[in-house]
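Okay, here we've got a single chain as structure tokens, the form predicted alone, with questions on binding and movement later.
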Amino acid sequence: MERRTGTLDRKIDRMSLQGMLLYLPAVIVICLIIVYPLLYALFMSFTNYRPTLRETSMVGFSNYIKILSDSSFWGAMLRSLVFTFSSLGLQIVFGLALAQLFNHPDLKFRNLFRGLAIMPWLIPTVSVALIFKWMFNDLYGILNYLMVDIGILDSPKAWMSNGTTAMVILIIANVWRGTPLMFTMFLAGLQGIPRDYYEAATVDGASAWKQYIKITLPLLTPVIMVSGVLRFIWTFNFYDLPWVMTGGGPGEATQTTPVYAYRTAFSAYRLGEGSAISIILFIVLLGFAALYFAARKRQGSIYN
């Protein structure tokens, strides 16, 4: 009996070792593309590294103090929050509306409509940025052409040259691309709500609006919360869409925190300060990631 137990223990140990070896390539890749760059950026943030300097020295927390006392940094943080919350709010509203519409059992060709609704999410972000940039171009943009042709405008308008309209266009582009993801997650949540609840509410005489307020929204709240926090982290960290569409301009009107970090590091060649901005951004997003995991735990891991 003891010999059989010992053999079984050795077999389990071999299986555990094999499992660890199978995990090893993924661990190596993660360390190379995530852990090493993160640690290197952390190291760089404590230096005065610039390509133009012959020697690099440690400066302690000087970069962090300089960044946190810079009005441009706080302006970029404010614009990031405006861009993120505006985009997220509209994506939730439109995502809920589309999910409710395409979840209706009497809607014909709803599977076709669902597929079409997801299409914007499949387009690369750079392509979306270029499409909207061309649409709102003052010389050959389709929007100016139509508005002048209809008579709404007397002459083409330079939409991207105004800070306010440039930020609005940036938000519209982000909403157009991000809404399909929210729609997909909300639709999955709606399909998980038992139909018995609605049938019982109908028997009790509850209207469609009351069913939506008393049944749909409360049961869908965990999905909305988790999706919102996750989408907030992604949107706040967006670099490619603002950079390709506006480059942070005009001036600093659309310069979000990731764009500010890029400009500092690779346009001004202050890589030490740029690394410090990235670490600050990482800490902020880490806090929201903690909120995401807390929300997921509270939700009961509905995706598992």
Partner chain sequence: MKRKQKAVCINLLAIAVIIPVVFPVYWLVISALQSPESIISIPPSLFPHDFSPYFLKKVFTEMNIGQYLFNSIMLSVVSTFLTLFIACLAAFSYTVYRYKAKEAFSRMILFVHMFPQILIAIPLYMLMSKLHLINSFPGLIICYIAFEMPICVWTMQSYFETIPRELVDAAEIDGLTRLQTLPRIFLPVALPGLAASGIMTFIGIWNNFLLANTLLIDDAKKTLPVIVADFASRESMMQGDVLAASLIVCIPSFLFALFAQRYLVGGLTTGAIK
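Under this definition, the rigid core comprises the largest set of C-alpha atoms superposing within 1.5 Å between the forms. Predicted model only: the values in this text are computed from it and were never measured. Numbering follows the first chain given and starts at 1.
If you look for the form predicted in complex with its partner chain, you will not find it shown, but the lines that follow are about it.
Although its partner chain is omitted here, in the predicted bound form all of Y40, I131 and A261 have a heavy atom within 4.5 Å of it.
By the criterion of a heavy atom within 4.5 Å, Y239 is counted among the residues contacting its partner chain in the predicted bound form. When contacts are judged by a 4.5 Å heavy atom cut-off, I171 does not count as touching its partner chain in the predicted bound form. The closest heavy atom approach of T254 to its partner chain in the predicted bound form falls outside 4.5 Å.
In the predicted bound form, its partner chain lies farther than 4.5 Å from every heavy atom of Y64. Though its partner chain is absent from this view, in the predicted bound form it lies within 4.5 Å of a heavy atom of just one residue from L219, A188, V93, L78, which is A188. Out of the listed residues V82, L146, A200, I193, L146 is the one that sits within 4.5 Å of its partner chain in the predicted bound form by at least one heavy atom. In the predicted bound form, the residues of 137-151 lying within 4.5 Å of its partner chain by at least one heavy atom are, in order, L139, Y140, G141, I142, L143, Y145, L146. Superposed on the core, the two forms differ at Y36: its CA moves 2 Å or more between the shown form and the other one. Superposition of the core reveals a Cα shift of less than 2 Å for V93 between the shown form and the other one. When two forms of a protein are overlaid on their rigid core, residues whose CA moves 2 Å or more are considered shifted, and I193 is not one of them between the shown form and the other one.
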